[in-house]
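The form predicted alone is given below as one chain in structure tokens.
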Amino acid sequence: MSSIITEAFTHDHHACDHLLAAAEKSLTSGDWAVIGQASEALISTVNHHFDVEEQTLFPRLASIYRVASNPIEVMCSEHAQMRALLSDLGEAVAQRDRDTCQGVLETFHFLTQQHNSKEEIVLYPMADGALRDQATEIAGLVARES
């Protein structure tokens, strides 16, 4: 079976992980311009990833494979939790509150690890099977230029 969707979205998870690590590392610099840039890169990239899943991948998968609806609902709920954390991060950066930034990033890191493993093990392989004819198009939506 093809794994185009799994590979593309997992690759994007790794890109987000690198940006998360960069945001965490930026806190040690004490330079709020650097912290702000690293945080904004993380927020923007994660939001793009969530948007592609919520606006394209998940609706197409649910329309073909109805059993996916419940796991998709859980993933979207987790997205909402993580979006709230990213919003908190943006506010903490604006207030130059290093401790809150660190706490938010630690919580985000923990939630992301759990969330990504569920998508990579369950939803993406399901999507590869159900959306074979659309896999290249969908994968292209999440692809990033290196």
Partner chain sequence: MLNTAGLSLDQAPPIRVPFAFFLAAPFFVFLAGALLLWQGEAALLTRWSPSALALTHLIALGFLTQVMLGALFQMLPVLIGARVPGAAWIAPLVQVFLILGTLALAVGLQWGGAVWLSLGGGALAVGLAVFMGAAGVALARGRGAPRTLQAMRLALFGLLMTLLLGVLLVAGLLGVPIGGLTAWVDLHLGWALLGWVGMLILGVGYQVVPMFHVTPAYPAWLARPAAWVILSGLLLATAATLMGWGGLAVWGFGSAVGVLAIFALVTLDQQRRRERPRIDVTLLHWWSAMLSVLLAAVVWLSDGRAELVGVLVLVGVGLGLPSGMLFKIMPFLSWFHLQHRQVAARRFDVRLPHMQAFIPERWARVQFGLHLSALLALTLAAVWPETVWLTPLGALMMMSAAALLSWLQLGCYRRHLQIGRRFLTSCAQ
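This structure is a prediction, so every number in the text was calculated from the model and none was measured. Numbering follows the first chain given and starts at 1.
Below, we refer to the form predicted together with its partner chain, which is not included among the displayed structures.
- For the options T107, Q37, T56, T45, the one in contact with its partner chain in the predicted complex, meaning a heavy atom within 4.5 Å, is T107.
- Here is the short version: of A62, V52, L85, A41, the single residue with a heavy atom within 4.5 Å of its partner chain in the predicted complex is L85.
- In the predicted complex, G103 approaches its partner chain with a heavy atom inside 4.5 Å.
- Shown alone here, A135 lies farther than 4.5 Å from its partner chain in the predicted complex, counting heavy atoms only.
- In the predicted complex, D97 stays away from its partner chain, with no heavy atom inside 4.5 Å.
- Interface membership of E91, defined by any non-hydrogen atom within 4.5 Å of its partner chain in the predicted complex, is confirmed.
- Counting a residue when any of its non-hydrogen atoms is within 4.5 Å of its partner chain in the predicted complex, the hits in 11 to 25 run D17, H18, L20, A21, E24, K25.
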